[in-house]
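Given next, in structure tokens, is a single chain: the form predicted alone.
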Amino acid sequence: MSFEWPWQYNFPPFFTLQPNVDTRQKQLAAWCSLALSYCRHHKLYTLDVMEAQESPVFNNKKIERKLSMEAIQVVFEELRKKGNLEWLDKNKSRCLVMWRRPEEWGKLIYQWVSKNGMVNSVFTLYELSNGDDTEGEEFHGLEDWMLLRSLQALQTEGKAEIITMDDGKGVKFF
């Protein structure tokens, strides 16, 4: 299934931050939505700021328009404020993109555990994110850092406990 671009993507002014405050807010909301949808579709969890400008998200070759680095930084800052982005370094050159927050992933994982009668079971992190049983689930292939944060959210809710095993970490669901 190919990615479906929003109508604004082919509208040249979309690639220039608008001076009017109301228009800019709507524009930033559309950019945030586009960036998150694109990352979700392609299962991207990390972005490099320098590479972002050449990424199809911020560079529409068809209309020969690209978002400036300054504007990309503004979009990323907006995503950070919403809790969808976290910087990996002080220079703000790489970031984690959370198109689903850890609590949302935790909820999906717990629904799968409950639906399959696996409460009170122990899993390795690998089994959850890459095991045959989870193939076809949205969280299959989830990167370890996000899986761990999701399980920490469940642990806070009292629905799981992260445990250390001989070969790494595991989790028990309650």
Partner chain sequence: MDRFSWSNGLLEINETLVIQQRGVRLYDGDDKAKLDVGVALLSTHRLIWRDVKNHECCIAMPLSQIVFFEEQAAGIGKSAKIVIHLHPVPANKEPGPYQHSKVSYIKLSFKEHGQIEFYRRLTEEMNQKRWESTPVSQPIHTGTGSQAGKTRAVGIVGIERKIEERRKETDKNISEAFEDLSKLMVKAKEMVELSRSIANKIKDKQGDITEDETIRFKSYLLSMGIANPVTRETHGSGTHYHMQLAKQLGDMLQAPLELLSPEDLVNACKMFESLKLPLRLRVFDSGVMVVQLQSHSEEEMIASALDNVSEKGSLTAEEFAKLLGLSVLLSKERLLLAEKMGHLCRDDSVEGLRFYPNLF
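Residue numbers count along the first chain shown, from 1. Note that the coordinates shown come from a computational prediction; the quantities given were computed from them, not determined experimentally.
The same protein also has a form predicted together with its partner chain, omitted here; what follows describes it.
The three marked residues, 100, 107 and 168, fail to reach its partner chain in the model of the complex, with no heavy atom of any inside 4.5 Å.
Comment: 57-65 is the region of 109-117, 34-42, 130-138, 57-65 lying near its partner chain in the model of the complex, near meaning a non-hydrogen atom within 4.5 Å. At the 4.5 Å threshold, heavy atoms of residue 80 reach its partner chain in the model of the complex.
Residues are counted as partner-facing when one of their heavy atoms sits within 4.5 Å of its partner chain in the model of the complex; in 55-89 these are 64, 65, 80, 86, 87, 88, 89, in sequence order.
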